[in-house]
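Only one chain is given next, in structure tokens, and it is the form predicted on its own.
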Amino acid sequence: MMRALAIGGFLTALLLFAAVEWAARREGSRIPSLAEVCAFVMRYEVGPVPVGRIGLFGFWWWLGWHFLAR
């Protein structure tokens, strides 16, 4: 039961992500695409420290640690 609920939750999140990305890529859309959001985050700095890059690296590390490591 819990496994099916988790799979359903991930499928729902994936479908919502796909719908938002599709809406962002339409002509004249004001919604930023995932690429635009990532580019904005990667440019964020506090002084000489690339905080956005460090944060994005930390997010990928966390994601891999929790979902891909066995």
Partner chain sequence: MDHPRELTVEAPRAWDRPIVSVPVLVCLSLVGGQLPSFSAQANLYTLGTGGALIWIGLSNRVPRRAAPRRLPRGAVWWLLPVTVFGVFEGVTFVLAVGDEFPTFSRLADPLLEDHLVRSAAWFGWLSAFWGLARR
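Quick caveat: nothing in here was measured; it's all calculated off a predicted structure. Numbering follows the first chain given and starts at 1. Take the two forms, superpose them, and find the largest set of C-alpha atoms that agree within 1.5 Å; that set is the rigid core.
Although it is not shown, the form predicted in complex with the partner chain is what the next lines describe.
Remark: R43 counts among the residues lining the partner chain in the predicted bound form, judged by a heavy atom distance of 4.5 Å or less. Residues are counted as partner-facing when one of their heavy atoms sits within 4.5 Å of the partner chain in the predicted bound form; in 19 to 39 these are V20, E21, R30, I31, P32, S33, L34, A35, E36, V37, C38, A39, in sequence order. Core-superposed comparison between the shown form and the other one: the CA of G9 stays below a 2 Å shift. Taking 2 Å as the criterion, W60 counts as shifted between the shown form and the other one: its C-alpha moves by at least this amount when the rigid core is aligned.
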